[in-house]
Every structure is written in structure tokens, then in C-alpha cells.
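What follows is one chain in C-alpha cells, specifically the form predicted alone.
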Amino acid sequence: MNILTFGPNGSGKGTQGAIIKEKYGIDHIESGAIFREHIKGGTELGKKAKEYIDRGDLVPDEITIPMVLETLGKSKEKGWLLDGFPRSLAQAEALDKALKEADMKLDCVVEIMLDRQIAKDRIMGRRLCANDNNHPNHIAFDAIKPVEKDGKLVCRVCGGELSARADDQDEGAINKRHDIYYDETTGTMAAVNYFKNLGGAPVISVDGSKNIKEVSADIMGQLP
């Protein structure tokens, strides 16, 4: 099964992606992880992508698309869940074309809807696990609050070291990312609407303001 997931930063799409991955045994491909892998490896694409990410800007298609498509190709037989891409109408059109050319069927699109201010509040309280970025940790939610060990907070799932992304604490950077997501003309919402109007894979839209289990139940109840 091949699935696209959409949701603004802070909507929990990474957490839900991990749940879907577990159920269907598919690869969870997160665009941010692809970027980080290239940046850590010092690749030419990674160096270029880092300049944009550090500014909170959208990484250009000529950098992003080759990274993503290379990774999707490796998961063609197993199936994949793509998280964080496409982020614009142009990328949606390019991905749709590339999937058809590669004979990869898109089975479903999941959209997690969330109010912009709620999404912003969630971003500023989330913490990233050094062992797995998909381990949910948030200082404001009791259900996924990190645990304290030796006087510091660690991952509630595995005990790994936690950190906060610098841009998660920068309201200007958050607003810039959300400006891109909520843009219905050329941004990510335009990409969501593109797949809604395409008439191919079904689009599942769920309320992201609910708790993790409720959102997961809503998604699972509608997946093919």
C-alpha cells in the first residue's frame, strides 16, 4: 500500500504515520529525515537544502524531488507512507507524474486538519528523541509527556535524549512554515486539493485536534 499524509507542522502526522507503518508493514518515508540524512552525509543536495531549512524556507523542487523519488523507488515493492511531501501544488503535480511514470499506484491520501494556532502551540512544546523522531514527546500533553531521569527529561518511549529544534522555538519560522502549508493557491493546501480533485486515490480527512488514539481510530476506520 502506498499512502500520502498531509497535515500542518504540529498536527501529529509523524506520530500517525508511525502507527500506520506498524499496522501495514510499510516504510515510513519522512521528507525531513531524508533532508537530515543528506545534510549529515554532507552531500551536495544536503548542503543546498540546509541553507533553505535554516531560514524556514521551502526547499526548491530541483533539490527535494530527486531525494524523495530515489527513496520511494527503494520502497516500491514493500509499499510506503510519504510524510511531508509534496508541500506545494507544483510538487504535487510532479509527484503525480513521477508515480505514474514509475508505475507506482497511490492507494490513499490522509489529511489531518488542525487550527493554525493550535498547531503553533503544539510545535513549541514538542521534543525530538535522538533515537527515533517519531517517538511522541510533548511537554504540554500528559499522555505523551517526557519522563524525568537523573534530573532531566528523556523520551517516554525509549529513554533517549531529547532536544528541541531551534526553529520550533522561533515563532517567525513557525509562521513561515504555516504560511506555506495553509496557502490554498500554490502551497500545501493547494497540493491537498489537487489530490482531492484528481479523482484517483481516496482522500481521508480527519480532525487533528482530537487525542492521538482518537485520530488514529478515525484514520484506521477509513483506510482501505
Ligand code: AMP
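Source: prediction; values computed, not measured. Numbering starts at 1 and runs along the sequence shown. Take the two forms, find the largest set of C-alpha atoms that superpose within 1.5 Å, and that set is the rigid core.
Below, we refer to the form predicted together with adenosine monophosphate, which is not included among the displayed structures.
Chemist: Residues in which of 113-121, 145-153, 100-108, 85-93 have heavy atoms within 4.5 Å of adenosine monophosphate in the model of the complex?
Modeler: Within 4.5 Å of the partner lies stretch 85-93.
Chemist: Just to confirm, with a 4.5 Å cut-off on non-hydrogen atoms, which of L58, I26, A190, L69 contacts adenosine monophosphate in the model of the complex?
Modeler: Checking each option against adenosine monophosphate in the model of the complex, the one that comes within 4.5 Å is L58.
Chemist: Which listed residue (I53, L45, V157, L162) meets the criterion of a heavy atom within 4.5 Å of adenosine monophosphate in the model of the complex?
Modeler: Result of the distance check: I53.
Chemist: Does adenosine monophosphate come within 4.5 Å of any heavy atom of R36 in the model of the complex?
Modeler: Heavy-atom contact with adenosine monophosphate at 4.5 Å: present for R36.
Chemist: With heavy atoms only and a cut-off of 4.5 Å, decide whether G32 touches adenosine monophosphate in the model of the complex.
Modeler: Answer yes; at least one heavy atom of G32 falls within 4.5 Å of adenosine monophosphate in the model of the complex.
Chemist: Verify the contact flag for D167: yes if a non-hydrogen atom of it lies within 4.5 Å of a non-hydrogen atom of adenosine monophosphate in the model of the complex, no if not.
Modeler: Close contact exists here: in the model of the complex, D167 approaches adenosine monophosphate to within 4.5 Å, heavy atoms only.
Chemist: When the contact criterion is heavy atoms within 4.5 Å, does S11 count as touching adenosine monophosphate in the model of the complex?
Modeler: Contact with adenosine monophosphate, no.
Chemist: Answer yes if the Cα of G160 shifts by 2 angstroms or more between the shown form and the other one on a rigid-core superposition, and no otherwise.
Modeler: Superposed on the core, G160 moves its C-alpha less than 2 Å between the shown form and the other one.
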